[in-house]
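Included below are structure tokens for two forms of one protein chain, each presented in isolation as structure 1 and structure 2.
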Structure 1
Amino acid sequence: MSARSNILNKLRAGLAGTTPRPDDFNEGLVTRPWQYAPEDRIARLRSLMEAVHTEIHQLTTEEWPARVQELLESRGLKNVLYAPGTEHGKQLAEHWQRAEPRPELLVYDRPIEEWKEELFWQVDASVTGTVGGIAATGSLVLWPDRHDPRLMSLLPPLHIALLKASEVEDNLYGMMQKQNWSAGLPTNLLLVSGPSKTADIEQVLAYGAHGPKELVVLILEDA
């Protein structure tokens, strides 16, 4: 018998003869103070994120690939990393085929060990999706997987995140309920409220110390 089985068996034995406590959790404690009118959610999220140096644009689902190109070219960036296995990755690739000239489109399609040096030091920007936004805290919610890996939102100096306007919720608990997270939680969930920053050294605020120096959020409205 494995050590894991031994531990689990001891835990089960310890529950013998006990009665489960009723679930009397009051969800109002984590939702009531942070509820907003639907028309106010995006304005609140924008206000909080822009206060910490996040750049935000609102546009349609058809317009965003061209805006990504504009953002890269205005900064003089040479390339952008994308996830070809995602819907937004396919849309970006289709636009890139028609755009000339354009920064290089880099594909995240191999293990990190095969291109670690390039990924860490030679990628200028990345485009990732999100599963929603939280108005209460001004945060993006990212759910990385093998198609949209965690390092895409961590390593490049510029992180461009796509957020559907219809997926901005009042608070994290509300999002968990609406999206039925209890049916299957991710192995890694990220809450991003702005570009990476620290003030550890002499209390001087610096950006980009532990992640992207710039965060651009494209809020997508239905066309």
Structure 2
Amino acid sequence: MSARSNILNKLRAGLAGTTPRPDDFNEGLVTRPWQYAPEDRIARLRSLMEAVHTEIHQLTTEEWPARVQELLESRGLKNVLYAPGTEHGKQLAEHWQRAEPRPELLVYDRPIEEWKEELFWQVDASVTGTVGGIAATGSLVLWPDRHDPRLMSLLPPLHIALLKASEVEDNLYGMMQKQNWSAGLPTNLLLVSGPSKTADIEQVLAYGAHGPKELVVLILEDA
């Protein structure tokens, strides 16, 4: 007998003569306490994310590439990783061509194996998109794919994330329903609610444990 059948048989024996419990999921319990007026959503998200050391800028869709340049230059960073296959990546590349800023634009266009060491140690910053934000918990929703790979938002010490103001939902449940997550999830779906942190020594909060030391969110208002 395999371990699988042994385990399943034991569990089935334990349930003999019982019926499954009914599904009495009450969505009100996870939505009602977490609803906001449209004008309060961004404020809520901001205050929660800022409370955990996230830097937030609200600006128009046209302005953001220049802001990325400023963020990098003010920190004296030498490069930034971007996703050329995305809409936002194209916009950033256009700006870089036009303004010719000092920081180098790095492309994530080959499998990790080909440049792992460089990505781990040499990349200063990254710009990624998001598919939305959650006001209740102050979270970004990242949906990595071939254009916006998983490690982009993890390895560089500075992570700059773009969030459309119109894509901020009240709560996780609402986000799940709206984007119909249960119909199909990507390889890795992520909720990110601040820069990497730890309180493992004396419960003293320290940022930049293993992931980004800094998270900057650019909230884009539709112009």
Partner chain sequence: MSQRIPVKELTDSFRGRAVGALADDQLRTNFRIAMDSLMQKRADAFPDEEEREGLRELGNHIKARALSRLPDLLEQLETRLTANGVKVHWAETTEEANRIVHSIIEAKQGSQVVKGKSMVSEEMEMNDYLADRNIECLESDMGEYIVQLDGEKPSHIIMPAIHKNRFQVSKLFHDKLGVDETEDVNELIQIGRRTLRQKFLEADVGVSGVNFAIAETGTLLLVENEGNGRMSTTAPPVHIAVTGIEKVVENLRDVVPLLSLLTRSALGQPITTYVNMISGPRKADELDGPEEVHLVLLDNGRSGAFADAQLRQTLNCIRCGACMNHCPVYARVGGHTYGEVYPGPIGKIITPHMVGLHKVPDHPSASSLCGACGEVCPVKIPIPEMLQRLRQENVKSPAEQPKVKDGGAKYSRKERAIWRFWASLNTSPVFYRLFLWGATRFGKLAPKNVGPWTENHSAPVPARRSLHDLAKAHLNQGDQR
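The term rigid core refers to the maximal set of C-alpha atoms that superpose within 1.5 Å between the two forms. Just so we're clear, the structure is a prediction, and the values are computed from it rather than from any experiment. Quick note, the numbers are simply positions in structure 1, starting from 1.
- The second of the two standalone chains is derived from the form predicted together with its partner chain.
- Relative to the superposed core, Ala37 undergoes a C-alpha shift smaller than 2 Å between structures 1 and 2.
- The two forms, fitted on their core, place the C-alpha of Ile201 2.6 Å apart, compared between structures 1 and 2.
- Look at Lys10: with the core superposed, its C-alpha moves 14.6 Å between structures 1 and 2.
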